[in-house]
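For reference, the chain that follows is the form predicted alone, supplied as structure tokens.
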């Protein structure tokens, strides 16, 4: 029986880049913007809270983008992406937004990234967000499998676990202790060398 080609479906923030909202929190001093999907498993609850904080503090999309423009991929991320793309197809699946990821995408070497969309008003204030699809990471993995790929999925947060559960193999990268405790069925690795070895083990 001919083996299927393997595709890597990977999260972005916390895996290849810093957590954008944490960096915005550091820059603005708004402590509650530090919350991520590691802390709040319901993404809509998390985003509604963020939108309210932006409104209360009169922060615009341009303010956030100015912070993002100063960020760089995590140390070793670009080298890992380059290695992976010589061996497999890489699709980055993120719950972030096209308006956020453009400068980081270029710094990562322009990999393929599936994102969501922000809605702004005439004052450049972020007033809403639109998901491409609810639980989009999971459905992307199901779609990749439906067209004949084996999927190895990598993520770090609660919003990644549904895609890890649907993948042929799932890996947690630098997860928090509570996620490791809640999902012991997934291998947890903490350095790119470990991730590389685990992905080779899984057929990449």
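Residue numbers count along the first chain shown, from 1. If you superpose the two forms and keep the largest set of C-alpha atoms that fall within 1.5 Å, you have the rigid core. This is a predicted model, so every value here is computed, not measured.
Below, we turn to the form predicted in complex with another copy of the chain, even though it does not appear here.
- Taken together, the three residues 99, 128 and 140 all come within 4.5 Å of another copy of the chain in the predicted complex, as judged by their closest heavy atom.
- Not displayed here, another copy of the chain is approached by residue 7 to within 4.5 Å at the level of heavy atoms in the predicted complex.
- For residue 123, no non-hydrogen atom is located within 4.5 Å of another copy of the chain in the predicted complex, even though that partner is not displayed.
- In the predicted complex, none of the heavy atoms of residue 49 sits within 4.5 Å of a heavy atom of another copy of the chain.
- In the predicted complex, another copy of the chain lies within 4.5 Å of some heavy atom of residue 113.
- Partner contact region in the predicted complex: 141-149, out of 141-149, 64-72, 33-41, 154-162, criterion any non-hydrogen atom within 4.5 Å of another copy of the chain.
- Taking another copy of the chain as positioned in the predicted complex, the residues of 72-101 that bring a heavy atom within 4.5 Å of it are, in sequence order, 85, 86, 88, 89, 90, 91, 98, 99.
- Once both forms are overlaid on the rigid core, the distance between the two CA positions of residue 135 between the shown form and the other one is under 2 angstroms.
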